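Only one chain is given next, in structure tokens, and it is the form predicted alone.
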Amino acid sequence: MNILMATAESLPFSKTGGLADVAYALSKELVREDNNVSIIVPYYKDLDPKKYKAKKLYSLSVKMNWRNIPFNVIHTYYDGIHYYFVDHEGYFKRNNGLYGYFDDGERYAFFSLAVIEFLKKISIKMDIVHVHDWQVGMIPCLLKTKYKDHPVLGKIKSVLTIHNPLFKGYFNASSLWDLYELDYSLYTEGKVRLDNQVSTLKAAIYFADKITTVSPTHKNELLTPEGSKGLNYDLQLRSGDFVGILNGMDYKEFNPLRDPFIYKNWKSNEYKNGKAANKEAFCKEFNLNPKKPLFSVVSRLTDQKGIDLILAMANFAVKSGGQFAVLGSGDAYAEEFFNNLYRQYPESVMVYIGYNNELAHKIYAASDFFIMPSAFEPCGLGQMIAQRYGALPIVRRTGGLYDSVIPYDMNKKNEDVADGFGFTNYSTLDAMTSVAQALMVYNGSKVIMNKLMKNALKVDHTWKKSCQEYIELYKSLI
């Protein structure tokens, strides 16, 4: 199959979150399954064309109402994937990150229209255009309305993946014509209308041939009023075309045997010595005690990530004889809490405000427990990485966290299958109880602790199974 991923970001060229990981890792796996895969992304400021041998392929233009806007398409080939970059100085060569500008609606309208012009020009006839999130949500709408009779575009099938339902791509209804030259009736008939605005995500839900999200449990949550972030009605109407496919993770980047960032590499059958060596080196670097349990969090410190629960769990862990390492940034009060916790307990707390990829790897490799009590989590990657390094996740059982972690239950004695800890209610008491259970296992039974670690290391979070589900989905359309 010929598959085009249309996305606002993708490794190794641009990233703000998990979307970039998914676009790249899924594409790599699809290539391994003998598919011809391309990714089209904006040409952001920091991309180095010489490093990746990128060359100009086409000079095209987008018509946005009265404006005719020229752009270039840059091409490179990386890891078996054809990358195409939409190059426009004004829209994408900016200094302060990828998103968050006053004209983001216009920027990604331009990008979506540029994807359409690219599809007209390229000699490869795409079978599937797989769009990711709100930024490219109007592409299925354009294919099904404005270009439904086009000899090439009219035959392309589209798939939408919802990575984060919080961001819906709102803009004023009058912009339908101004940006896309689409008829206002699409709004009045409700096909693109959500919360009395145009929503590019709603448009994709209505017009895409198939819809996916990034875990089976999150799919079920999105069909409920409580968990849908306002999308449940529209997704219920498309429930027959809506599936949840759990994301995988990149086993090449996160590999204890070859990871260049951790203190000591180790094979899975040497996990006891490997974990001990990494924990000891980490504790030595940050003046902690390798004999005490080490809890950690690598996260944005925001409401979505369950920041109030994280603060309670960190405080409880430290006051109960454990240690806590935090790497992240976010709400000012949360950052200040951790700085104060360090000032109170410098021998038990390590704090890094910001992001540091090398340090993140070291934390995963050294930790005994990894905390992830999200308010909602479509899939989550941190818990999978933690398991890969033998750190037991402590998660709130929501979305992909439910699908990827089997909590240990002392009453059921399920240590033969459990690979972490978990709780269901969004409650500080339940969150702290999970920390207490982890401490009881760590201090009370090395046998159970080692069984849980071994189970975590065995979990298969590769992309292979998920990729097969996407392939079957694509085949059902063509």
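The shown structure was predicted, so the numbers you read here are calculated from the model rather than taken from an experiment. Start at 1 and count along the sequence shown; that's the residue number.
Quick note: we don't show the form predicted in complex with alpha-D-glucopyranose (GLC), though the next part is all about it.
Only one of Ser320, Gln304, Gln344, Asn273 comes within 4.5 Å of alpha-D-glucopyranose (GLC) in the predicted complex through a heavy atom, and that residue is Gln304.
Though alpha-D-glucopyranose (GLC) is absent from this view, in the predicted complex it lies within 4.5 Å of a heavy atom of just one residue from Asn278, Thr212, Asn247, Ser296, which is Asn247. Per the 4.5 Å heavy atom criterion, alpha-D-glucopyranose (GLC) in the predicted complex is contacted by stretch 373-381, the sole one of 256-264, 100-108, 118-126, 373-381. In the predicted complex, Cys467 stays away from alpha-D-glucopyranose (GLC), with no heavy atom inside 4.5 Å. Taking non-hydrogen atoms only, Asn164 approaches alpha-D-glucopyranose (GLC) to within 4.5 angstroms in the predicted complex. In the predicted complex, none of the heavy atoms of Ala25 sits within 4.5 Å of a heavy atom of alpha-D-glucopyranose (GLC). By the criterion of a heavy atom within 4.5 Å, Leu19 is counted among the residues contacting alpha-D-glucopyranose (GLC) in the predicted complex.
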